[in-house]
Each structure stands twice: as C-alpha cells, then as structure tokens.
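One chain comes next, on its own, written out as structure tokens in the form predicted alone.
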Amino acid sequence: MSIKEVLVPDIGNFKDVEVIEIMVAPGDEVATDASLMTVESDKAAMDIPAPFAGIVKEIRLKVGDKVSEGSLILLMDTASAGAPATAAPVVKSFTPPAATVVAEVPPPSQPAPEVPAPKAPRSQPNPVAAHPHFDAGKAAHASPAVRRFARELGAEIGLIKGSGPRGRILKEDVQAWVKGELAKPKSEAMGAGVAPAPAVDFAQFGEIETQALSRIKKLSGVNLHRNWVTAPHVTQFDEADITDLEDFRKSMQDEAAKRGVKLTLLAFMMKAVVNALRTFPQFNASLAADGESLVLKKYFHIGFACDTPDGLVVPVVRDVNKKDVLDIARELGELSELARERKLKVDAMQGGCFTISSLGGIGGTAFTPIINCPEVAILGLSRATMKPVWNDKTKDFEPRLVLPLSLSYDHRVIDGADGARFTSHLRLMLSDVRRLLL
C-alpha cells in the first residue's frame, strides 16, 4: 500500500474558496485528471482534478469547507489502482503549416466612413465630486446640543439610529455613526443613503415558487451593483457595416476548419477593439483607487462575456495584439468550453483591459452593458441585420449587413465626444477588413 496526500493545486490568487460539491467517496477508484471536487470563488466554479490515479482511502473535507492552495483534500492509495498511476495527460498542440495561406482580400464595396481625428487624452481624469448626504426623511429624536454636534461633524442626523431612551440620539451615537462612515469603502459609502427595497409577501397575490440563486449569480449581482453605482455610465449606440467583413469571414471558413478552428465574428471584433484602444489609450486604462490619477495600460487583454449554466463569467484572451484572428478564434473556443465545463481557472478571468458582451446569437437591437470595473468601458454587440443603405455612387439603396454597437463607458474618465469617436473608429475598422490586417 502506498498512501499519498492529494492537495489543492494552484487556483490563482484566491484564498478560502468554498467547496460546493465532492464527487468521490472512500473506496472509489479514480483515474488521473478525474474530477474530485468543485470549488467556487467569487468569479467562477471550477473542478479540482486528481493529480494521479488511485483508490480513495479517506476524505479530509466536506461541502461548505473553505480551502486554499495546499489544503489537504484526501488520502489516496496509489499502489492498488487498476489504472496506471502516472498517465501522461494528452496535450493538444498546433503545428502551423510551413507556408501561411493568405487570402486575397477584395476592396470594400462601399467607401469607409470618415472618422473625426482623436483628441490627445488628458493626463488627468475628470474630477470626481464628493458624494452627497441623503436625508432619510424621518424625524430625529435628539437634543439641540446633539444636533449642533452632528452639524459640526457633517453628519446627517436623520440617518443615525439612537440608543438612548425612546430612541433618543446621543452624542456617542453620532460619533459611532461618523466612525462607521469613515471605515466604509468609498464605493459603499456612496450608496449609503439608498433606501432598502421593501419586503413584499408575493404569496398574498397568488401562487409562487422560490428558487435559490447560484452562488456565482449572487456574487456577480453584488459586483454589478457596485459597478453600476460607483461608475457613472453613459452608453453610446452606433452601427457598423460588416457586409464585406462577413463575406471575408465566410471565405476563410474552410481554411479555419483545416486548422480545427471555428472562425467567428468575435475574433475580428477583438482585433478591431485593440486597434481602437491603441488610437484612444484612455479606454485602455483604469481609474486609480484614490480617484486622482489614471493608470494607462500598455498591454491588450480582452475579456468576453460567456454564458454558462451557473451564470455569467468573463474569460480573458491575453495579448490579442500579438495574435492573428485564427489564434484568437481558437483561444475563444477553448476558453468557452472550459467555462461551460466549470474547469476555467481563476487566473484566466483576471487582468482584462476591456470587455466585449455579445448577444448577437440571441437577438435584440441594442442594450446597455454594465462596465466590468476597474475597466472603464465595455462593448455590447447585438444581432446584425440586413438594412437598405444609400450608396452615393450608384444613387440607390443597397442591402447591407449592419451590426449594432452599444458602448458603455465611465464618464469620470471618458467624455461623450471620445465615446462617439471610439465607435466611429470601430465602424471604420469593421467596414474595411483590410485595415484589420495592418
């Protein structure tokens, strides 16, 4: 008998992630890379694979436990395993062909739209005003001396809960309230005056059914609310003529299939977005925690919203500027499959500069995506449709494939004019596929 410990492997920078499912029991024989358990962070759920084959002797944790890298999962007898103990994992590799096939790109059938010249980005973001205090609208039970003390500290007496007789607000209550406000993160303090949602007994109106939200949806909801409250959103809507781009994509399908790649529009969109980020660097930035400076990024990691049975996750394709569309398409497929199988590692969802959310496969004409903070912008794609577009050369309407664009951006960092310039630049890139090859 050879007993070995199975430990939690590298799961990124996250600690104390929750065990939500254990997939083996004592006595089970498992093969190398078989799933042992599932853990869930605030980003995604992921399966922990077996590092070697063997028979489970003892499980050292239970559902609900918190684990980190190096935590003991179970003890395994490797000598009694029927499967080989060191089965080498199969690694899919790609060997590029000796000669790269370059498809001839036809000239655009319509002239490219004109784009206003970009302005140089400001060295500092727009100043952010201090958040206002909100009146709860209740009559405060406090003495004149306590009210004067609250005014001197800038405290809103109507938001303070009294601990004295009959709910009277004491001087100590004002001091405790001020200390609590100062201890809150800036994002939480900004929404301190928002009234809670009323509790409603919906059963009084008819039959109901209650379903628990998944942990990812609950955590995502907290993040989305924070992002919506702390970042003043503006959404710029536009349309891009992708008729020629779609024709080119279809012409490359056979070449992509030979390499085992499904070539989608999203791969081309990522190339276009990187081109726009280079032209407008304030979009490839994050506001510093103190709100006094802008962190400009020199790398181009693009996230994409991926719908999974457990909720929405955002994998990140790194160094998009260094990859061609086929490499990007291959990575998109691999990351999407890992996300759906709950095998996406935490580090695969970190470090994004800009996010693309595509609903084109479902439908809709436009929507307002929520910024994935600390990023300052996100691009939404809706379903492309054929529309009659006027051609000045032929003096007639022509059927063109038009893609709706929805760009949400943080108005503390980006002005409305720059938002319009960004989408205009994207229209230029997408209308002439040759520009994406530069």
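Model, not experiment: these values are computed from the prediction. All residue numbers are counted from 1 along the displayed sequence.
We do not show the form predicted in complex with a small molecule, though everything after this point is about it.
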Candidate from 294, 316, 146, 266 lying within 4.5 Å of the small molecule in the model of the complex - any heavy atom: 266
Contact residue in the model of the complex, chosen from 180, 361, 260, 154 - any heavy atom within 4.5 Å of the small molecule: 361
Heavy atom of residue 248 within 4.5 Å of the small molecule in the model of the complex: no
Residue 307, heavy atom within 4.5 angstroms of the small molecule in the model of the complex: yes
Residue 275: touches the small molecule in the model of the complex, heavy atom cutoff 4.5 angstroms: no
Residue contact check: residue 406 to the small molecule in the model of the complex, 4.5 Å heavy atom: no
All of 312, 340 and 357 with a heavy atom within 4.5 Å of the small molecule in the model of the complex: yes
Among 281-289, 157-165, 213-221, 332-340, the region lying within 4.5 Å of the small molecule in the model of the complex by heavy atom distance: 332-340
